[in-house]
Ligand code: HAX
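Here we start with a single chain on its own, the form predicted on its own, put down as structure tokens.
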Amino acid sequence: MASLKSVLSEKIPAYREEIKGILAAHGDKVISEVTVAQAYGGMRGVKAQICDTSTVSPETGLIVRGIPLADVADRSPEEMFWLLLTGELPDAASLKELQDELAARSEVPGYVIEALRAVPRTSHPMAMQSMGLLALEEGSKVRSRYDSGMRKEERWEPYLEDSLDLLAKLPTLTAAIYRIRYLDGELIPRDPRKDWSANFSHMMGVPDPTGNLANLMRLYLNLHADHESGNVSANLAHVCASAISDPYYSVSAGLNGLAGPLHGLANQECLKFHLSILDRFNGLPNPDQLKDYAWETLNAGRVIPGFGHAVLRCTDPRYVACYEFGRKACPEEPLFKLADLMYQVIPGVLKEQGKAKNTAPNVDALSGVLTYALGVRQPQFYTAIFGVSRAIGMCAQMILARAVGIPITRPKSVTTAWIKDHVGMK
């Protein structure tokens, strides 16, 4: 049995030496060129930072530490965190030690809960989640170690400590937000017999007689943990942490980006679309009706949410994992039946239209549908669930970045006048 810190202590010197060797031998090699369109277009496709935790292959989907996501989709979020950091899955004893450590750190101080109770009940769950993390910052080991003085090579250690505290408390904090925001405000204590993700759904208090919701949360929190470092939430957390802002500040920054409608709200928008179809046809449409409705949507200048992806050119493996779960857990649920029908009909419509580079469904086409079908009927809360998961990847990335000494992020900006001069415009 080995602790996560001891495993990292053994691996980090090799990480550092590998990167030093690459920089010494190839530091002047060019890995990307930037076009004017990319500079104005959100830097899409510009290779400008390193992420060793995961990569997204357009042809196969998410690959975690060299392992296709499909091969680790059935693992727990705790195992995913270990894998992201070390490149290996923990043995049973090491996993148990990590789970016990998270359980021991999981209590949220009362003043944080009172702060959540003090905001209006109309507050967005994401604002409450971000605020709660910032309230927890008072206990940051990074801040106290930095104030007392520490070497650059040691920074990863308090980042690991803060990350373990943050990840341990985040399900407790987020479940409290659910109870305060939507229900009676009475909190449910964690169950010492349950693991990290099962306790999250337990503390939310949503009836779960079959256990399917707890199983869905385990799958959801695992699948959404990491997705490279260029997406808005991961990138914001990375940039913030590069200034040696501690994980509470940095994950809060990432959550604030996740809250944007163009990022973390996608599964909510997909659910709305599904519910609108069931409402339109007073139940499940037949394939021809769905095809006509899809064309009506496209001809009105709207998109069909949940299909296509900015990077992927294949069916999202996260969608496949959710589909297989739904087929076993809730095959007769109208929402799942509709999602299944859309999987059969929508790609053909999009191919006929000819505009989409990828017509396959992505994970958002099912994650919100399954969450709603299994009892969480507050779609506005779904991004907060996403945040619990995405914090795993944010924390793993910033720990490794501090371990190998990635400096502060500071790209150079140029003016439109500079662009015009550079391309020869008068």
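Numbering starts at 1 and follows the sequence shown. Heads up, when I say rigid core I mean the largest set of C-alphas that superpose within 1.5 Å between the two forms. All values reported here derive from a predicted model rather than from experimental measurement.
Only in words, not in the display: the form predicted in complex with this ligand, which the text now covers.
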item	value
Among 355-363, 30-38, 368-376, 396-404, the region lying within 4.5 Å of this ligand in the predicted complex by heavy atom distance	355-363
Interface residue in the predicted complex among G308, G230, P125, P317, criterion: non-hydrogen atom within 4.5 angstroms of this ligand	G308
Among the candidates L134, L284, V303, L89, the residue which, in the predicted complex, approaches this ligand to within 4.5 Å (heavy atoms)	V303
Contact test in the predicted complex: G264 vs this ligand, heavy atoms, 4.5 Å	yes
Contact flag, F386 vs this ligand in the predicted complex, heavy atom cut 4.5 Å	yes
Proximity of A168 to this ligand in the predicted complex, heavy atoms at 4.5 Å	no
Exercise: H26 in contact with this ligand in the predicted complex, heavy atom 4.5 Å	no
Partner contacts for 208-225, taking this ligand in the predicted complex and a 4.5 Å heavy atom cut-off	none
Large Cα move at S94 between this form and the one not shown, threshold 2 Å, rigid core	no
Rigid core fit then S148 CA moved by 2 Å or more between this form and the one not shown	no
Threshold 2 Å Cα movement between this form and the one not shown at V119, rigid core reference	no
